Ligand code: V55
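Below you will find one chain, with nothing else, as structure tokens; this is the form predicted alone, and questions on how it binds or moves follow later.
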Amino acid sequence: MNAYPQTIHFIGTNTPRAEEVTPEVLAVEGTIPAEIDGAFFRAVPDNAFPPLFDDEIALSADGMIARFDISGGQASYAIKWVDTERHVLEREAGRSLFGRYRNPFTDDASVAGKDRTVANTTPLWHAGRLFMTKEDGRAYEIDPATLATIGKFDFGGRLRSETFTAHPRIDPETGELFFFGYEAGGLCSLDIAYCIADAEGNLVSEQWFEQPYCSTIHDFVITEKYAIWPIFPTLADLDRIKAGGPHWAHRQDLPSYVGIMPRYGDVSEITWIEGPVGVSCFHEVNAFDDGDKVHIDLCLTDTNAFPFMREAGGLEIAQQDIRGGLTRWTIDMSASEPAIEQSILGPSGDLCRVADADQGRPYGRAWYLSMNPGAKGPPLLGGPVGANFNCLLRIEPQTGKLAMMELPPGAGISEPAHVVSTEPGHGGWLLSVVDIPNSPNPADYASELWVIAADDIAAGPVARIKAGRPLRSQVHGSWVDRAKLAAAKAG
């Protein structure tokens, strides 16, 4: 390829931008609350070069780390490439060298055996360090002040797993980092490495076990008692990959599972519980203990939400025909044969968020993105499924109370981050990038960072920070306050 293919993965908010930006001050409409003081980091997949194959997908784009720095009611923006081994090799060659998504057998021969990860999925802050993660490799450490890449991170050589999840969980009381890697022992292995790092960033535990099948495990959850892996039947197959085919294919005929073990226990204690057939989930909202019961709240769909994963499994299901909802799975761990009880909490959606203090605990509210049934006009093209979410929801899971923030016609919204308020009784703030069309051209839109009262989302933003350029779709984002930034171990 010497040009970008005109597929859904390269148009709309997936339009390649390939632009580094040094910090520049942004215009603000409204007033940013003074207590919002820190940085909102975003993981942005972008393409430095046209791909080798015209069926490439957005999830395989090079990682960029973006930062909105906010202080004193003002904001600035910067973005920089993550200098992964892959990106450096391609930059030196002046072209793409790596082939299809998570398929090393389609690479240029010159990069055989090189690190393929693009570190494009989640910015993670822990123990004074900033990382960019993607679940097919290890994390890359980033200087939070300059956004320069420090290098691949393996806990001083102590981490044995070849992979590091894009969705670790941090206990709000202990400060411990709970994480895992799947395909930890190599391509298509069943190995899962379950790891714990202490509040100072030291790796204190790494245990390996096997999953029932080689599934894409994008997320997991913890409670005060347990570590929990919900897994779903989107499977890897080494023969298919060696033949140049896709890494993942969804199986509508296979059951899901939940693997659950004491979070400080031995992996020999893990229990696998069979779940519904054919369902899929990429992000869990939260989980918590309720006596002997465990509640797991997840963004569940009746099949895989990514078209390319369905198509690889021979499934012809239109995006608008997928059904699902914000779902609670409850497991009674005192039962002789624990089973999943399922209930629906709210409408379908994804890219969910709880306050950091609620991680692994009973919680009173959460936020996630969805599709507004009353929206005027089609959704903004882009994102990994081809269409962006167009509303923000706030839900109280105990009562089912739901609130919605509507967007301008045709606009899309990215995953929010939560900022704690210092004002007693105030529920804090949400930060979320909103893309607003300027014209019928799907690549012509204005990007803004909206500041929203977390418990009054229907009121809309109190401030709109103008990016001054269209931003490519993010995957996930993280808020880091000024005190943590000041104590960073890098920069």
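Note that residue numbering follows the sequence shown and begins at 1. Please read all numbers here as calculations on a predicted model, not as lab measurements.
Unshown form predicted in complex with 4-hydroxy-3-methoxybenzaldehyde; subsequent notes refer to it.
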Check your understanding: Do His218 and 4-hydroxy-3-methoxybenzaldehyde come within 4.5 Å of each other in the predicted complex, heavy atoms counted?
Key -> yes
**Study point:** Close approach of Arg129 to 4-hydroxy-3-methoxybenzaldehyde in the predicted complex, 4.5 Å, heavy atom
**Key:** no
**Study point:** 4.5 Å heavy atom contact, Thr121 to 4-hydroxy-3-methoxybenzaldehyde in the predicted complex
**Key:** yes
**Study point:** Close approach of Glu135 to 4-hydroxy-3-methoxybenzaldehyde in the predicted complex, 4.5 Å, heavy atom
**Key:** yes
Review point. Taking 4-hydroxy-3-methoxybenzaldehyde in the predicted complex as the reference, which of Tyr101, Phe389, Trp229, Tyr226 has a non-hydrogen atom within 4.5 Å?
Key: Tyr101
Exercise for review: Name the single residue among Tyr368, Phe288, Trp81, Phe282 that comes within 4.5 Å of 4-hydroxy-3-methoxybenzaldehyde in the predicted complex, judging by heavy atoms.
Suggested key: Phe282
Review point. Looking at 327-335, 407-415, 113-121, 88-96, which lies within 4.5 angstroms of 4-hydroxy-3-methoxybenzaldehyde in the predicted complex, counting heavy atoms?
Key: 113-121
Exercise for review: Just give me the residues of 295-310, first to last, that have a heavy atom within 4.5 Å of 4-hydroxy-3-methoxybenzaldehyde in the predicted complex.
Suggested key: Phe306
